[in-house]
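Read the single chain below, which is given as structure tokens and is the form predicted alone.
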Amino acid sequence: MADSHTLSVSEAAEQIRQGQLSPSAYAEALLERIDTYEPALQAWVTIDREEVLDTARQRELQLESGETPGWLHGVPVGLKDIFYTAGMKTTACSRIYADFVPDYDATCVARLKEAGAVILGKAVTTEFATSDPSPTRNPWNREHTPGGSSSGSSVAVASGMCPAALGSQTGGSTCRPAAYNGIVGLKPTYGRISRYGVIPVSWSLDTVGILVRRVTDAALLLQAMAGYDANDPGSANRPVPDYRREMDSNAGPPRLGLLNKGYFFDRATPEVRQHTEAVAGQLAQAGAVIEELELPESFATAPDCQRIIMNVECAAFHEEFFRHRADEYGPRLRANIEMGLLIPSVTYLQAQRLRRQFRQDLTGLAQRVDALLTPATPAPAPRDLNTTGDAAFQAPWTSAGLPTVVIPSGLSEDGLPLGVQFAAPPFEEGKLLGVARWCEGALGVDLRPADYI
């Protein structure tokens, strides 16, 4: 089991189905790896070793009894510490929730279990999945931020502590840390995965995110969790397609819309601009059609609208706690709540109005091609542990509710991961993942931090 940490989700699930990999031995190997690397990386909040091994043994017994295995049978999955898990602390890495133990599972967690996954534990988040940095360290260079807010989930996957983990995204909290850590991050369409039982930041923005090493793995987790949930008012009541079949239907060279003018390239460093253009050139040589597209005018107000909505809705959730325990919040979250409490209702409603127009404009732009292509981040992970990095390249897509996926595309001059981001119209995850998988194969990039291979 010495190299089991290198397995992708699909590889591990297949080996378990074929009887080539024991769920118990796999779980034990990952727990040993966590014991080795956790002190330096600080990716985990809670791990119930006995529960993990008991569940892994149950998965073995189910196979032995002839039960049909689920999509993720015996595969360990980490959870960002905002997902309710019955009987296990869910702290949001905050003093406010320090002793909170839910009595039920979040819907997406329950669906992972139904698919046969083994819940490995709770990964570190920034406080309440917002802006105050967590103690987690980037496995590529521990002096650089791992990003956030899904910092522990991203680092756990990047360092081989687990093959998959859940994050969330309200601004850039899944795809940005995925890029900083050299892994794949998927933010599905708003409402595609239920948020029932997930501690919120902003009800109209929050999206469950997926962190894995390969694009195919993102499709497997999405397949397990997607679908309508009456308990979530934002849940989309739409059929769930066969994502792997849709990926296979979009397995050829794609038509990509490169957004290399204005917002994304103006905010990127010269190194990131050159890298993204080089990636586009490499994809074109492999057969992709690259078309340069311009952003709609509504992009100019989108970032401000996203911040207004996020701060107001965050303040609404925390208002009662904040009234009595404001001094227990981190300084950045406290400032965001205070700002949200001061924003007039008219301003909030105007931001939502502009946001609806932005969503229409961005959807129309995405429908012109198979996927839109941008840099994943303005720069590699900053050498600054007092920040989670710049979410500017994710926040517009989160505000519009469109699905996005980040894949690793190379290394910076300083040896830090770089990535590119793809976006598609709402509920076209299958097509988006098919495009991303083709690009993943064309680029041939598989990033592993040297100290954790």
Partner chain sequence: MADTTPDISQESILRQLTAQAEARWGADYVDRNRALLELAAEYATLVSNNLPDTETEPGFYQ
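Keep in mind the model is a prediction, meaning the values are calculated, not measured. Numbering follows the first chain given and starts at 1.
The form predicted in complex with its partner chain is left out here; the points below concern that form.
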In the predicted complex, the one of L342, A230, A278, A286 near its partner chain [non-hydrogen atom within 4.5 angstroms]:
L342
Position in contact with its partner chain when the complex is considered in the predicted complex, options F393, F422, Y26, F427, heavy atoms within 4.5 Å
F427
Please pick out the stretch from 156 to 164, 183 to 191, 102 to 110, 209 to 217 that is in contact with its partner chain in the predicted complex, where contact means heavy atoms within 4.5 Å.
183 to 191
According to a 4.5 angstroms non-hydrogen atom cut-off, is T347 in contact with its partner chain in the predicted complex?
yes
Contact between K89 and its partner chain in the predicted complex at 4.5 Å, heavy atoms?
no
Although the partner isn't part of this model, could you tell me whether T301 comes within 4.5 Å of its partner chain in the predicted complex, counting any heavy atom of the residue?
yes
I'd like to know whether K261 contacts its partner chain in the predicted complex, with contact meaning heavy atoms within 4.5 angstroms.
no
Those residues of 347 to 366 which, in the predicted complex, come within 4.5 Å of its partner chain by heavy atom:
T347, Y348, L349, Q350, A351, Q352, R353, L354, R355, R356, Q357, R359
